[in-house]
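The form predicted on its own is given below as one chain in structure tokens.
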């Protein structure tokens, strides 16, 4: 394994420990995947992309790990595809855009305005936009 990968894995291990998560090899690699592949993957996509590298990886491990990361605030769940859950490593407030032609999901408006209500205390929210992405529009 390359030296850079060892350092990277050590940094991820520290992040997991600070969140109270036991840093197993599989959890480290799943978190590393989310950092390296900012494509808003589903658990199935993460599993397919990692199982060749980690033959003992199970779908259940990927699902439970991604949900653990979301529960600990290290990722957020996206329901942009209806029942299919995607995961976003960027847990800051922002919106998402899904191209209805190619299916890609993009982050937009990183500094979206905070929504307030005089009657209610707004804690969080999701906004999904749908349309044709720049790449597909130019085809």
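Residue numbers count along the first chain shown, from 1. Remember, predicted model here, so these are calculated numbers, not experimental data.
Unshown form predicted together with the DNA; subsequent notes refer to it.
For the chain shown alone, residue 91 is not a contact residue for the DNA in the predicted complex, no non-hydrogen atom being within 4.5 angstroms. Residue contact check for residue 36: none of its heavy atoms lie within 4.5 Å of the DNA in the predicted complex. Not displayed here, the DNA is approached by residue 22 to within 4.5 Å at the level of heavy atoms in the predicted complex. Contact annotation: residue 74 falls outside 4.5 Å of the DNA in the predicted complex, judged by heavy atom distances. A heavy atom within 4.5 Å of the DNA in the predicted complex is found for one listed residue only; from 70, 57, 105, 46, this is 57. In the predicted complex, the residues of 70-101 lying within 4.5 Å of the DNA by at least one heavy atom are, in order, 83, 84, 85.
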